[in-house]
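First, one chain by itself: the form predicted on its own, in structure tokens.
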Amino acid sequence: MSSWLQASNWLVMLPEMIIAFFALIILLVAAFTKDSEAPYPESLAITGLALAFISSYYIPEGVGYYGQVAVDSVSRTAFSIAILGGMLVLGVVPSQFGTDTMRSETSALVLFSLCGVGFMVTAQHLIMLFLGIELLSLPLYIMAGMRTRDPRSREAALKYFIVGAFASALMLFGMAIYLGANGDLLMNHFALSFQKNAVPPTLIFFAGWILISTAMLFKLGAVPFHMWVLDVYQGSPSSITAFMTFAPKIAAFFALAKMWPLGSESGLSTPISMMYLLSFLTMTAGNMMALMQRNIKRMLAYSSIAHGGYMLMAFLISGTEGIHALLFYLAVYALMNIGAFTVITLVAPSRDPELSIISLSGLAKTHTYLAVALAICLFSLTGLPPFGGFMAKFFLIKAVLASGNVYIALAAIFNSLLSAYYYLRVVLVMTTREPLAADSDELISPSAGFTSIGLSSRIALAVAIIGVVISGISPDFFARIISL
């Protein structure tokens, strides 16, 4: 037994083991205690994530489980970003669900989903990648439908499940074709096939590669695989939506990075042209459709699609510069969205119904600190200095220009200017309009349902805003925090 443990190098998966252990503990505690005596499940979950985060910097880098997974500095940093984001989201969960017993289930599901992220970013075998996708996705389907009495939440869960099942079927079909082309399911065949001077891949290899990549693009919400994003983001509880905006993206981006040639590392022009087109369509379509939205969650859903398009530009950059720029972007993007959706969670009533942009009228007068926090997140999402969103876009666009892709960089700059309209419109509504009447039948008053803010939500919001500011003022310091 000891020789097997030594040969398998099981320590590379220690963070995931810690997270899964605490998820099981939360479920057991909830099952064997009365509601009035149950400890705060978020505290247990955050403790587990903190231990996993610390352990990730002590585990050895290298291959584990006989080549199934591999841990390096990039995968470790990507997983650390997801862990830190999960800790902040868990801080907002009490404000979302109050005293509802669903808090225990939600905390455990967030942990299980993060285990899936860990499997995906370290996977070196397609079976492990598929297990990671399912472990990431199944908890998200459940959490999307947590508000069982809300038809929008049930609709979000059903749509997310159907699309996720379709993406999983595509991946399994692609894996079968890939197995026929290579004889095994190891992911290193992607890199070997796309090397310069390598034997050109066969058509059957390309077919499997396209199907597996399409499944990842579904998870990213890239155009034209984006239509599920709107209803899922809108119908899910806002704190869960915050988690959805970054966790699946981190996992899918770094799974894709193992499948796609980066920049000019390949002598093949077809994959680069495909990524060029995907990036342009995703950022442009996301921003164009966001211009017409009157619902803030749907607007942020389209915004998420657009930012996915920006981040796809990292695949046009050779070497490690594009990956490092992508990591920085994902870290800042997670903070911006957590901050924005935390404010939405706190402003909306406890039932968290549809929140139109106009319902934020006068928020700066009724809840100044929340308005300032949301404005900072929106400024950063726009890409305005001195906030982190500006530096994230700057590093990415600079690397894209250095790689010679001038036109897609210009498209990204134009799209950032375009996005300023719908982001800054929300800020104008919060600051220039008078608060709405509390008894309006159609619109939600900014103060409705906002009687108190829990300490954990205050801390989560404060950390997110401080992170957005520090990443813009001192990006080198922020990069050291996330270990870039």
Partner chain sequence: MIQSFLSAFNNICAVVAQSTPSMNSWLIVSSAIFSIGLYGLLTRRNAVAVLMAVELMLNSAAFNFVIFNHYCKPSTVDGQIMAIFIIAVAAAEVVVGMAIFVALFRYKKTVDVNEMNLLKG
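Just so it is clear, the structure is predicted and the values come from calculations on it, not from any experiment. Positions refer to the first chain, counted from 1.
The same protein has a further form, the form predicted together with the partner chain, not shown here; the description that follows concerns it.
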- Task: Could you spot which one of Ser168, Ser73, Asn188, Thr320 gets a heavy atom to within 4.5 Å of the partner chain in the predicted complex?
- Result: Ser168
- Note on the structure: Heavy atom within 4.5 Å of the partner chain in the predicted complex, from candidates Gly235, Gly308, Gly116, Pro248, belongs to Gly235
- Note on the structure: Within 4.5 Å of the partner chain in the predicted complex, heavy atom basis, the matching stretch of 85 to 93, 376 to 384, 359 to 367, 148 to 156 is 148 to 156
- Message: Phe173 versus the partner chain, in the predicted complex: is there a non-hydrogen atom within 4.5 Å?
- Response: yes
- Item | Residue contact check: Arg103 to the partner chain in the predicted complex, 4.5 Å heavy atom | no
- Applying a 4.5 Å heavy atom distance criterion, does Ala409 contact the partner chain in the predicted complex? no
- Task: Consider His324 of the chain shown here, and say whether it contacts the partner chain in the predicted complex, taking contact as heavy atoms within 4.5 Å.
- Result: no
- Query: What residues in 119 to 148 sit within 4.5 Å of the partner chain in the predicted complex, counting heavy atoms only?
  - Reply: His125, Leu126, Ile127, Phe130, Leu131, Glu134, Leu138, Tyr141, Ile142
